[in-house]
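Starting off, we have a lone chain in the form predicted on its own, written out as structure tokens.
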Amino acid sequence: MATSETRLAGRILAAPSILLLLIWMIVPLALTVYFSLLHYNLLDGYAQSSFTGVNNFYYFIKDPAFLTSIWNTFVLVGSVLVITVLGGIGMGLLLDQDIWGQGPARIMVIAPFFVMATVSALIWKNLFMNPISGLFAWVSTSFGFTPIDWFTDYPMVAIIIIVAWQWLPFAALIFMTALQSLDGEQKDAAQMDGAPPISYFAYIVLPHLARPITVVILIESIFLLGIFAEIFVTTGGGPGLATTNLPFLVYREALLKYDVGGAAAGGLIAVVIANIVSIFLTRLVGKNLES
């Protein structure tokens, strides 16, 4: 009897917070669905809006920029994942070694992860990749080469570098922590058997990192699908559509074209795509954790 009363009391106490959370999530979603069914332009005002059904979804998908934005989104996410996973494993292996200054080195490696995305993009744009006064331009001219205008000639590569620099410390921290939990007996046995470094990495380290790798891929993918600040600060989605991903396309519809209905439809499409990717990755992680 006491158990049922305790459960009831717990549910009553938790009900307000759960209700608030539901309101916090459902109200914006409901408004987004509502606006996606309207022809609503900010310049005309809400009074001039009219019901248009699923036309906003149709026109958003038929927009020539839609497929380009999908492609750019997956190129950005996939490239950053490859760089951060491979680079994170390498950095994790280095930071796991007993070296002088190990503590400060770990702090310096992790530090970029705590830099705000806008600040990071501005630093890279003005201090590193500026074709006139940037560090890369100075290095190029010092060796007699022509400086590269990164955001004009290689805009997507520039965005990938900036985003990967931000997320590489996260992956390195996860892998370093996983390596510290590696069984010492396995290390000693490999050393006693005279296993070469490549075999030790392939048969002991890499299987041990299988689960951390899937977790890093899952967490990073969820956040990378919503990359916006780096593109807004550096390229503005250009040149042309070269760096326009799905979130930036939604922003363009809402605040550059003032089309609230089209932006709401695009936002819902982006949510659906993000959920599909998240479900796929969650199942992948679940299978890995069960194995």
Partner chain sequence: MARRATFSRRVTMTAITWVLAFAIFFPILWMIQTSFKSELDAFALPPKFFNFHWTTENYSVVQDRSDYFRFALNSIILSGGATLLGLLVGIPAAWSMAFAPTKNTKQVLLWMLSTKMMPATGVLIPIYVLYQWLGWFDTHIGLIIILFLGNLPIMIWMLYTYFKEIPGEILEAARMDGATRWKEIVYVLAPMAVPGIASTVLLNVILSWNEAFWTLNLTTTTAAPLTAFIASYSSPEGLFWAKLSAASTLAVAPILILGWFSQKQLVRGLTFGAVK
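Rigid core: the largest C-alpha set superposing within 1.5 Å between the two forms. Numbering follows the first chain given and starts at 1. Computed from a prediction, not measured in an experiment: that's the story for all the values here.
Just so it is clear, the following notes concern the form predicted together with the partner chain, a form of the same protein that is not shown.
For a residue to qualify, one of its non-hydrogen atoms must sit within 4.5 Å of the partner chain in the predicted bound form; all three of Gln97, Thr177 and Ala270 qualify.
Residue contact check for Trp124: one or more of its heavy atoms lie within 4.5 Å of the partner chain in the predicted bound form.
Contact annotation for Phe114: at least one heavy atom lies within 4.5 Å of the partner chain in the predicted bound form. Though the partner is left out of this view, Phe170 does reach within 4.5 Å of the partner chain in the predicted bound form, counting heavy atoms only. Interface residue remark: Ser79 is not counted as part of the site for the partner chain in the predicted bound form, having no heavy atom within 4.5 Å. Screening Met91, Val85, Val205, Ile161 for any heavy atom within 4.5 Å of the partner chain in the predicted bound form leaves a single hit, Met91. The listed set Ile70, Ile61, Leu37, Leu29 contains one residue whose heavy atoms approach the partner chain in the predicted bound form to within 4.5 Å, identified as Leu29.
Within 4.5 angstroms of the partner chain in the predicted bound form, the stretch 129-148 places a non-hydrogen atom from each of Asn130, Ile132, Ser133, Gly134, Leu135, Trp138, taken in sequence order. Once the rigid core is used as the reference frame, the Cα position of Val277 differs between the shown form and the other one by 2 Å or more.
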